[in-house]
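Take a look at this single chain in structure tokens; it is the form predicted alone.
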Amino acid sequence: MEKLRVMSVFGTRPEAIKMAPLVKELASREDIQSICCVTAQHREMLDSVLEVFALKPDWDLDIMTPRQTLSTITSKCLTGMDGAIEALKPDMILVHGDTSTTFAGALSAFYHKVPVGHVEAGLRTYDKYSPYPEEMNRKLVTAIADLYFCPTENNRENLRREGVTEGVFVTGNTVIDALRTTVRKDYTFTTKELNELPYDSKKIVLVTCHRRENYGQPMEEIMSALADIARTHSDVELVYPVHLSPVVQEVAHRHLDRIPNVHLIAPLAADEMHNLMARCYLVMTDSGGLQEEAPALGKPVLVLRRETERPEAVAAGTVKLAGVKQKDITAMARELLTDGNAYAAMAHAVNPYGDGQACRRIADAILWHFGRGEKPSDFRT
């Protein structure tokens, strides 16, 4: 019997972090030929993850261009996938999450009549413009997919309400699998600045902020809040790996340059980010992935957005929505920086996102779908 050809398609740094352990798990199965296709929607940040996980793509669309738009990303990815699918002839295509690569990869698979597996399926805010364009991307992929790998039971319930009940699995999130391979107590950073941060004597606050829906006034308020927090808490060192987007770069440097306890640094490789997160005190972010990663490391998260498609973390108490207003963000950060009980309640809450076995469950589900194995049990918290 020939091996199943399973092609994993991704193009951004967050996708790569979450798909890398799955690509490797698939490669470990005797019945599967694991194929890796990258679009390079984010070239530099993607390549750093590929290096960390020692992944060499079988196909690289290399679509990134300066100041690319959503339309150019989607169209270049869609047309580029034609060649990849025709050459590699996959039996199934896996896409992850909610990026333009995700949508275009799934649509191209549909055009070629190749079954689609959606990793991290079922996340919803029910506001099609927030996050933008992610919310609509993932809903469109739901309409195309054949298998749905939901991180949590809540994600499965979202799909059920939309009439999707077949081919749905609760697997946990693959990012927890990734953390098991990247975080080490003896880890040494590549820069002197990170190695010499006062982890034992100061509260290291890790920040990321880059989402499109935060462009404009929301980002101005977020940066003002960060500046206020740094200036009013002498026991804090704020570390912000600034996204490469020119919009983000401009507003971050305008607000945060020349504040002594703020470190504006270049984007970090996946292993560096994970190990910095493991040593920090608090995470403030508008990222989706960090809302799942930080709780697994016992770090409270303040989400710099109006809503989150990860309500499980809010319900569990590992995450709080801080919003995008300066006064709200500073007040919530101040509480966690000064109130030990409030901090402990978040730091010790149970992470709802997995047990590090998501990739195993996904591989088992794919084999079951093709009649080559037993149906896997769902992840339960």
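These numbers were taken from a predicted model, which means no experiment stands behind them. Numbers for residues come from their place in the sequence shown, where the first is 1.
Another form, the form predicted in complex with ligand UDP, is not on view; read the next lines as being about it.
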query	finding
Position in contact with ligand UDP when the complex is considered in the predicted complex, options G80, P90, P115, G289, heavy atoms within 4.5 Å	G289
Proximity to ligand UDP in the predicted complex, single hit among V9, I17, I366, L22 (heavy atom within 4.5 Å)	I17
Contact flag, H274 vs ligand UDP in the predicted complex, heavy atom cut 4.5 Å	yes
Contact of T142 with ligand UDP in the predicted complex (heavy atom, 4.5 Å)	no
Distance check, H210 to ligand UDP in the predicted complex, heavy atom within 4.5 Å	yes
Exercise: R13 in contact with ligand UDP in the predicted complex, heavy atom 4.5 Å	yes
Region of this chain that lies against ligand UDP in the predicted complex, out of 154-162, 193-201, 223-231, 263-271 [heavy atom, 4.5 Å]	263-271
